[in-house]
Each structure stands twice: as structure tokens, then as C-alpha cells.
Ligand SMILES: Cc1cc2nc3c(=O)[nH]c(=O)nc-3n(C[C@H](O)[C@H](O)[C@H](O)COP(=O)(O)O)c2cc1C
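This document opens with one chain alone, in C-alpha cells, the form predicted on its own.
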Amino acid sequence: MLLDLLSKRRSIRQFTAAPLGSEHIDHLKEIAIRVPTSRGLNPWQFNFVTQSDLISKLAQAKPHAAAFLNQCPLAVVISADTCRSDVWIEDSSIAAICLQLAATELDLASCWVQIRLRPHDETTTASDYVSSLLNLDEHHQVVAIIGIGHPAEEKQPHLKQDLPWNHIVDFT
């Protein structure tokens, strides 16, 4: 089943205008807070945004590759308290992919927007820009935004023979 989800999951950047039902959003919220973290410290915070005006501002978080958020009925901003855990990046990244797989399981589409270490403009980081929009405290760093919605495009799974098998080192 996991292999099927991983095969089906693709980065989709075109979404229909259909809103997500509360049952979908509730399911995604529960998935997010069930994700394991190092030592159970749960440094992450999940900001579920459905307000179109706020999503439009999130779509301006960085100069490239975030504009598609304008089409998403849901944007999940994943941030973490950097003082709570030394592996907040890893914990947040695990949560992000779990959210994407959960969206795929619900026949929804998603795409990751890298925020950490990306500029908003010449003077502001994308993380600081998003943090100010959401009034996050100074210890929170935004890792990514996951755009989620009903797909308006379809991408075929990568063929098994086209996978990067050369990245497997087998000591068996």
C-alpha cells in the first residue's frame, strides 16, 4: 500500500476551484500530529490556512515556485520551534511528506514549497515573511508550505525501470 501511495504521489501545481471538506482537513490535521518526532518533542507547528486572501499572501513568500498556491484551497505552513529540538528540520520534513502521502490517500494532490533558506526579497527571508504573516514567535522557523487541493492535472507514476537504482548500494 505504501508503494502504491509513493508511486501515485506527484508534485501537482494545478488545482480545481473545489474546496476541501472538513472531513479531509480534519483527517490531515490528525495525520500531522500523529507523525513521530525525535524523543517525542513535537517541535513542529501546523498552520492550516483556507482563507484565500492569506493564501494569496503566502503565494508571494518567494519570487519563484510559490505562485501556484493561489489555486490551492488549503495551504499548510509547517514551522518548528528551533529551541525545542536540535532536529526540528528533520521532524518537520517527516511531517511534510506524511501530509503529502495522506493527501494522496484522500485522492487529493499536493506540492511542497521550500521556505527555509529561501529569500522573499533582497532584505527578508521567506521564513521571516511567512512568520510575520502568521504572527509566529521568534523561535519558530518556517520549513515549508504544502499546497493541497483537488488536482486539475494528472501525472503518471514514474516507471520502475526509470527510478534511480544507481543510488542503491547493496551489501547483502
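We number the residues from 1 along the sequence you see. Keep in mind the model is a prediction, meaning the values are calculated, not measured.
Although not depicted, the form predicted together with this ligand is the subject of the following passage.
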This ligand isn't shown here, but in the predicted bound form, which of 29-37, 111-119, 53-61, 132-140 has heavy atoms within 4.5 Å of it? 111-119
Is R9 close to this ligand in the predicted bound form, meaning a heavy atom pair under 4.5 Å apart or at it? yes
Given that this ligand is not shown alongside this chain, does A65 nevertheless sit within 4.5 Å of it in the predicted bound form, heavy atom to heavy atom? yes
Can H24 be called a contact residue for this ligand in the predicted bound form at 4.5 Å between heavy atoms? no
Would you check, heavy atoms only and a 4.5 Å threshold, whether H158 touches this ligand in the predicted bound form? yes
